[in-house]
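As structure tokens, one chain now follows by itself in the form predicted on its own.
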């Protein structure tokens, strides 16, 4: 079993290690590694087009993740509050953006925004439409995390809040939000990771001035994988790992506090 475990780890992380390694190559070669250098990182931060794409990715990820976390939390609580009212089919609808192929979802978003722009004169493709599209597929992930957290609670805790004469606002502030905090934080970082990583939906809903890093990489890679592309990918890998590490650290600290 240990050999299988190590083999799986190598299969998962060896390609990432190669990308990181060759981002520090001193020459523009994917065949041999000559020497360690920060040449391509310096070139990266001197390229205005890459910096613009990075800025768009950061704005898109942060704004869409904040909105998706708020919307997803409300959706998750709504599903839990009405779970006994024959509304279980709503959970199936929430799963649709998750299991639907990205290419289908991206084309659907493009068609929707195109028709909306023709009818209203607004919603031209750009950063705004990308944020809306990202929220629409991020929110279900957050909702399911929040719903799973609520389902695991003892229902009598809600009755206890009523017995203590807690109003709706007091119950939300002193019980629901603190209880859901791990799920909300995990949902936010999951949404952030999904947004940073997304290419297909971003590609279909982007405008000429809203190129993100994944779209930039796709355009640049047609000329071959250069060390500069490896450097961009390395920074994106680091960002995703940092988001995952923060989530795990938050969960660990909270578990230690509960245990103590």
Partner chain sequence: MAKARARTGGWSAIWHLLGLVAPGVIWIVVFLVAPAAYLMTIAFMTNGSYGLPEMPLTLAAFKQLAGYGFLGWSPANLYVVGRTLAQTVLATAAVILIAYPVAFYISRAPARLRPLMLLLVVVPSWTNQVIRAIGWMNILAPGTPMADLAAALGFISPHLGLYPSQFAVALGLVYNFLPFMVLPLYAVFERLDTAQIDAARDLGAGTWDAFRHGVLPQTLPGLAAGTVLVAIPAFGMYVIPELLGGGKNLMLGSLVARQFAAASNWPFGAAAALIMIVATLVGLMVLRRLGRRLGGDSGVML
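Residue numbers count along the first chain shown, from 1. Since the structure is predicted, the reported quantities are computational estimates derived from the model, not experimental observations. Here, rigid core means the biggest group of C-alpha atoms that superpose within 1.5 Å across both forms.
There is another form of this protein, the form predicted together with the partner chain, and it is not shown here; the text below is about that form.
- Although the partner is absent here, residue 150 sits far enough away that none of its heavy atoms falls within 4.5 Å of the partner chain in the predicted complex.
- Contact annotation for residue 47: none of its heavy atoms lies within 4.5 Å of the partner chain in the predicted complex.
- Contact between residue 117 and the partner chain in the predicted complex is not found at the 4.5 Å heavy atom cutoff.
- Residue 71 belongs to the set of residues with a heavy atom inside 4.5 Å of the partner chain in the predicted complex.
- In the predicted complex, the residues of 92 to 129 lying within 4.5 Å of the partner chain by at least one heavy atom are, in order, 93, 95, 96, 97, 99, 100, 101, 102, 103, 104, 105, 107, 108, 109, 110, 111, 112, 113, 114, 115, 123.
- Once both forms are fitted on their rigid core, the CA atom of residue 19 lies less than 2 Å apart between the shown form and the other one.
- A movement of the C-alpha atom of residue 104 falling short of 2 angstroms is seen between the shown form and the other one when the two forms are aligned on their rigid core.
- Comparing the forms between the shown form and the other one on their rigid core, the Cα displacement of residue 122 stays under 2 Å.
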